[in-house]
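Just the one chain here, laid out as structure tokens, in the form predicted alone.
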């Protein structure tokens, strides 16, 4: 499973920070983050909302472009070690200078340089999807969208939203998504992880995404599943994350195969892998063990992911060759 070439579309840059990397930065800066780690060195949190607090605490030691360059390198090294050949990482200007345009450009340059080095040295290609944070509010999202629109191009290819689904409504963020779309960025958004099928439908109607982050609770609304198929919307499914956080009791209960049976396009990703004690290898192993997925099934999932990727066609052609090697 480790050696199968993989495409990952749902990976938060900060959420992919290895605990030892964050601990090391905290020691360098003499910041006490001991409360966010378990005895065995992982991240410690009680539930999803506490996870968001721990996530933000961990990012507090990432205070400059150099740290984000190091983080990008660490993330891509880990992904490449599990066979990932193409990844779209969620990047948050909120955590990179507070969505200040000048600061954001400096952070972005550092991350892009690290990504280009990883592609040269490790054979993994990365593109960035800018995300606003839902519980930071619509006004802050406008600043993030402006950063995204200003730096859209061959590296920054998409715009989306993460965070607490119970905060605000999708329609509150319509301006930001319109701004990003007008700049040529493809659209995704987190929905249907905690907010139910209704959150997916509301997001589709208000924001017009071509992908949905998670979206797994769509299974509870057959008409919504039909709508996903009709509009050719792809779900960025993160099975290990959903089970770890308790969205579903076990992988056996997870709807990924039921969604596929209904004709919904799904892909496989890790979300925030060290937080959820997962890797792309573990995701594949779990799906193979639970649902009997074989190499042909994984090839189909990776082709679906590549088709749904936000990169340009020359990059897609390059990755397609990697998948068939």
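Residue numbers count along the first chain shown, from 1. Remember, predicted model here, so these are calculated numbers, not experimental data.
In what follows, reference is made to the form predicted in complex with a small molecule, a form of this protein that is not presented.
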{"query": "Residue stretch of 266 to 274, 284 to 292, 252 to 260, 62 to 70 approaching the small molecule in the predicted bound form, non-hydrogen atom distance within 4.5 Å", "finding": "266 to 274"}
{"query": "Contacting member of 83, 163, 195, 138, with respect to the small molecule in the predicted bound form [4.5 Å, heavy atom]", "finding": "163"}
{"query": "The single option of 87, 241, 176, 199 touching the small molecule in the predicted bound form, heavy atom within 4.5 Å", "finding": "241"}
{"query": "Contact at 104, 112 and 155 by the small molecule in the predicted bound form, all three, heavy atom at most 4.5 Å", "finding": "no"}
{"query": "Partner proximity in the predicted bound form: residue 299 to the small molecule, non-hydrogen atom cutoff 4.5 Å", "finding": "no"}
{"query": "The small molecule contact at residue 52 in the predicted bound form, heavy atom, 4.5 Å", "finding": "yes"}
{"query": "Non-hydrogen atom contact residue 214 with the small molecule in the predicted bound form at 4.5 angstroms", "finding": "yes"}
